[in-house]
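A lone chain, given as structure tokens: the form predicted on its own.
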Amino acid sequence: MNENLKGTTVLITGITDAGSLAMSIARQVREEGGHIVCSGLGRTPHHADLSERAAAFLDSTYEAFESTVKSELGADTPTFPLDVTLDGSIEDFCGALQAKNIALDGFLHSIAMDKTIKAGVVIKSILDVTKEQFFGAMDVSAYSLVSLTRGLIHSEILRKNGAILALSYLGAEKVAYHPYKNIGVAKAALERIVVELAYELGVSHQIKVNAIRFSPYTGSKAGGAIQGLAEAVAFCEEHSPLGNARPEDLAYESAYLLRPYGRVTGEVRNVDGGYHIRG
């Protein structure tokens, strides 16, 4: 048995269903001997003046997340509600970890949101994206890496010599085979944040910060929400030198980058069967 992560504790964010890429990574971390802590979007005391619809959405989202984690990773897997757009929620989350004496050796950032994508259709060109939609996507998909990292470090929950890994996509750099638009801009910002944090946290805490761009993937709710992604999967399967990458390929590379040793940082890795090398 591979035990490269034995004795470590890793926070996994972004699990929405059993097909989530974050779930594949969580399984691999556990396979390599690591302990898993999971956070999911849910209602917190900091969600004020919610409509009944919004409250029901947060409650059902967290219930589905918690049920998935318990069934797939074990009933003893710690789960916590977290809304990364609310500083108070991050503070409460860190306090809850402290109360349970949980310290982290690393975490996976697998959080994204873009309100210009609805019902599987990218409904707006960049020119038509509103300021609210633009900054909303930036807040959840990019800035949350800063705010969550800050909270975990200031509360001394994220140990020195740890590792941070963010999930990105080729659409951060190039016009993708399918509409990616506003979320692509947010992913580009996420990758730039990864590089900046890699330098700052490397110097201050010996913490490694990396990102992975994965192949187009339709096996999760998030993937199913993007217009044309099924066609992109077929296209990349045919045109990538090794074919489209699989979730287990992502999981192997992620587990490697989450190890507490090694000096790989500031990298934006492509796990896509080699599709990115094509012109």
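Just so it is clear, the model here is predicted, and its values are computed rather than measured. Numbering starts at 1 and runs along the sequence shown.
Although not depicted, the form predicted together with a small molecule is the subject of the following passage.
You can rule out all but one of 153-161, 98-106, 201-209, 84-92: in the predicted complex, only 84-92 has residues with a heavy atom within 4.5 Å of the small molecule.
This chain is drawn without the small molecule; in the predicted complex, the residue among I117, I111, L165, A186 with a heavy atom within 4.5 Å of it is I111. Taking the partner from elsewhere, I193 is found to have every heavy atom lying beyond 4.5 Å of the small molecule in the predicted complex. Shown alone here, S215 lies within 4.5 Å of the small molecule in the predicted complex, counting heavy atoms only.
S20 belongs to the set of residues with a heavy atom inside 4.5 Å of the small molecule in the predicted complex. Shown alone here, C236 lies farther than 4.5 Å from the small molecule in the predicted complex, counting heavy atoms only.
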